[in-house]
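Only one chain is included here, represented as structure tokens and corresponding to the form predicted on its own.
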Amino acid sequence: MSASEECNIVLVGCGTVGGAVARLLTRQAEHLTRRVGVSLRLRAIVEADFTHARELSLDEDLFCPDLAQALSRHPTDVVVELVGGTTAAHDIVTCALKAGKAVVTANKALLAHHGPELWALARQQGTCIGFEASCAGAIPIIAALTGQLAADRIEALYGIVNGTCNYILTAMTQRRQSYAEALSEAQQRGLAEADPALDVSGADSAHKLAILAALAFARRIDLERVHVEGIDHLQLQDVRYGQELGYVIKLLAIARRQEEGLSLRVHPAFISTRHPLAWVTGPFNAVSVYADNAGHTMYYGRGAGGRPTAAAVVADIISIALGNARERFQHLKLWPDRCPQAEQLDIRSVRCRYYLRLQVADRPGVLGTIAKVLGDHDISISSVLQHEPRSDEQSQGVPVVITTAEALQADLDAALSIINNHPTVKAPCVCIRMVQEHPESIE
């Protein structure tokens, strides 16, 4: 839509985020009008169950059980989809776009799976989709990639984009809680779902990475080819050994441009305590972007929660109301439906440093055997950490921590397949990647 004096909104979904959006639009209406110069009018709230809406004391005249009914009854410029998932949400967004309405969504799973199709449909209908809230809550990373950094060549981005995981890892690092204890605390504080699988498995971060990488590199991303590891198998002893070596553990979403293609991966990683991302704690998110001309820029803030996410949703509504979003959507060529398919690299082609913890028999020559296997696969040892064994450790083996120089993942996998089958090794080796600061291309 082009700029006008009034923007009419239909909100679909009134959960935590939807309720916060409704409250912002209704309770701060005068403030928004004065600030933006356009009246943002919430015309209807579509929901199957209005219990939460009533708890928020929202105007019941806004309640409507069906989107088609809401669109027929009310003038509508923007449909806000906040139901989540990829089934009903897909139908809602498709219906709104086919009706010629602009859409605002916070649904990263929907866009990671169906983004190119929906962006193409929006363009065919002469409208647009706003999705700032989909990737990092209140952090304006989509605005940066499609605005300030649009003319630059982006080399890499590194993100902490899941607040649940970052809260858990912060608790393990700072309070030395076990994974189970930290997860339980996060659930009690409302920072983790009753079923946390989507978050702790890394899948949520992968959805966000697919969207961000598509915009950063102007390529269509295959979500199925993003390498994903979660935090649900991390052990406290590895977090503590990492700290002893000067590192902190984070779940990172990484996208890097390489000569052969794009490396896209989500996994736990040790980063130096001096790295800017190491300072991101609790439920906060951050994304570091490395570009040819701008160099290193970092975007930090609350990555989830009703009010922070609602701020991003309403910002998208404002951009649509002012006509900015449609112009950018129609003219920029970095939207995935307009871009070629990315050449995505297999995780085995990644080169980085590694943290290895082995449980080995307390015998002479064991470390030499391990060092030889690593050396035979072109893997150099950077450091070895071994404490005096306790009497209760003998049956499980003695922990030996090794950090390596930079090596190819394929070579490490081959070496570990031999090491793990050696009779002196009591349990499969724990392997955690060590990520270093990405080099800037400018001085």
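Since this is a predicted model, take the numbers as computed values, not measurements. In this text, residue numbers run from 1 along the sequence as written.
Form predicted together with another copy of the chain: not shown, discussed below.
Using a 4.5 Å heavy atom cut-off, indicate which stretch of 353 to 361, 307 to 315, 102 to 110, 228 to 236 touches another copy of the chain in the predicted bound form. Comparing against another copy of the chain in the predicted bound form, the contact stretch is 307 to 315.
Classify Y179 as contacting or not contacting another copy of the chain in the predicted bound form by the rule of any non-hydrogen atom within 4.5 angstroms, answering yes or no. Answer no; every heavy atom of Y179 is more than 4.5 Å from another copy of the chain in the predicted bound form.
I'd like to check something about E193: if you look in the predicted bound form, is any of its heavy atoms closer than or equal to 4.5 Å to a heavy atom of another copy of the chain? Because no heavy atom of E193 falls inside 4.5 Å of another copy of the chain in the predicted bound form, the answer is no.
Although the partner isn't part of this model, could you tell me whether C95 comes within 4.5 Å of another copy of the chain in the predicted bound form, counting any heavy atom of the residue? Residue-level check for C95: no, no contact with another copy of the chain.
Residue contact check: P140 to another copy of the chain in the predicted bound form, 4.5 Å heavy atom: Result yes; P140 sits at the interface with another copy of the chain in the predicted bound form.
May I ask you to choose, among P116, G261, G301, G84, the residue with a heavy atom within 4.5 Å of another copy of the chain in the predicted bound form? None of the other options qualify; the answer is G301.
Exactly one of V400, L32, I418, L67 has a non-hydrogen atom within 4.5 Å of another copy of the chain in the predicted bound form; which residue is it? Exactly one residue meets the criterion: L32.
Residue by residue through 284 to 303, tell me which have a non-hydrogen atom within 4.5 angstroms of another copy of the chain in the predicted bound form. Residues within 4.5 Å: F284, D292, N293, A294, H296, T297, M298, Y299, Y300, G301, R302.
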